[in-house]
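Included below are structure tokens for two forms of one protein chain, each presented in isolation as structure 1 and structure 2.
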Structure 1
């Protein structure tokens, strides 16, 4: 199913023309209404007349999270506060949050792109969807909520937490869709099993998971445990929230709503564009937002773009699975390590649960690297030889993938702390030394 065939199936030539028109209008808006952007452009000797087509976007300066923090709370708004109808913020735990202001038109856009996502998952006006993302300043809950309402579905606005009630209402209300972080979905899967309610009594068939990186192994685990088809729901607070991109039923990349959010891939260090299909840092420009449009926002997400037409018929560019974030990358003994690489190995080993923790430390000027991972109950054993063999197997696989051998520690089932929001996967003790 396709929600907006005109935009989602537009020819590449027509899309680029539309993007150019919208970019020009947005540049004019920020230049005249947002002093920080105007100063930045003047420093580069750029005026709105220099932007005529989408190819001119490379002339514009980048925007970073630091800019949003420096101009906290409202310094990057391009609309007066009288036109701002909602304020949302990042889920950061330290320092000032990143604040985003939305006009009524922005909220309409958010609902529309969200509807594209949930329609692509096969959900419609006759379906009940349980939204277990956090509500409040975090964009996950209200973003998914608006998407379901736009397609005409019925929302269960659960938010996260209160797991026993989550399972009860999922069962009693006949939820067909579940929207939450993949780590919380795993938590709910275990709780569903513990509830004693037979799986066949649930109507659940679709999962819309996002807000944190997850692997194909995690997808298989969720699909097996919950009996669903699990889809990626991509979004960023700074750009709009969930709805920036989505998978279709062929699950061959994440379709980006590029008529609203223009994507680029640049080299993480130089900022120069990389050739099509190559891995690099994802950069977005919002080309239809009024409240707080951003130009060339550096997401720090590492991925690639595929411009070929999808089997589903959509022509919108597809983003590859995110390897990780530039700022999530750990450098251990000179080797670049992403948590997603560890997860991909763990999910391939049948004796393990997809719950793990990376602990990095520095002792006597040497980095230490420990991977704690849960055993499945059926395989947990007090036979030392069996556990040693499994530890060696895991360490060998991680060595092949990472280029560095960690100290693997097998822990009891359900001993690693569960998250009701974004999972905490890394403890880097070196930052305190």
Structure 2
């Protein structure tokens, strides 16, 4: 099934025309309503009249995560606060989150693109869908929620955690769809086995998995363990959240909703467009959003684009799997974590040295996260209760800043390896698995 055949199956020529019209309108909007954009364009010597077709997009300056931090919290809005009806956020490198404001129209667009995704997965108004992405500032929960409501399905707003209850409701409510991170899905798959309830008693058929990179191997595991078809769901906070792209029944690339989010692939260092089909950094321009449109946003995600028509009939461009990111952001249990966030917490606590190591692993299909940190000589003590209190305090502070609770290990002064050049702050053992 296709949710919006007109848009999803449009000829390439018509799509480019439409993208040009929408881009022009968006450029006018940001130029007149958003000071930082106007300044940037003036510095480049361009005005909205320079943008006539989609090909002119390369004349525009890039935006990056840094811009979102520099203009925190509302400096990049192109609508007055009176028109903003939702604020969502994701972690940034400085401890300050990245904030996105949505107008009513933007939320409608989010519902529309989300509906395209869940329809492509074969779900519809008769289906119960369990949303086990986190609800809150993270776009996963509310984004998938809006998508399921738009197609008329019955949403279980479960959020993440509370595994036993997840299994119970999935069973008792007859969930056909499950939306969560692939790693959490694997964890749930094991919990489902442990529950002792025969798999035939579950109605689960479809998984909508994303928010972190996952492989074909992981897909196979998930499909076998859960007896479902596991589909990719792609998105990022800055652009809208989940719904930027989705797989179809052929599971052969992630269709992008390019009538709303115009994609380009550029060389991660030079920013120059790469030849068609080649791997590079994905860049998006939102061409219909009002609240916080972003032009040429550097996602740091590495992938390639395929413009050939898919067997499903959709003409929308397909993105290959995200190979990774060209920055230092870790995604642990679907949550974005930057080493510098951990550092900022460590530096606030007087008993600690700023020498630390993040050890990330995947054990029993669930990400583990350990923070090793050195004690200052003066505070290092044999008193167990003192050490336990301090560990608790650090873990609590890290949970507040990161939104995820690491296992904190206090280590002896000078025990973490020093470096002559760049410090190695992260050991990500998942890469070798």
Ligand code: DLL
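Numbering follows the first chain given and starts at 1. Between two forms, the rigid core is the largest collection of C-alphas that superpose within 1.5 Å. Computed from a prediction, not measured in an experiment: that's the story for all the values here.
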Return 1 or 2 according to which structure is the form predicted together with this ligand. 2
Note yes or no: does the Cα of residue 44 move by 2 Å or more between the two structures after the core is superposed? no
Please say whether, between the two structures, the C-alpha of residue 69 moves by 2 Å or more once the core is aligned. no
Classify residue 412 as shifted (yes) or not shifted (no) between the two structures, where shifted means its C-alpha moves by 2 Å or more with the rigid core superposed. yes
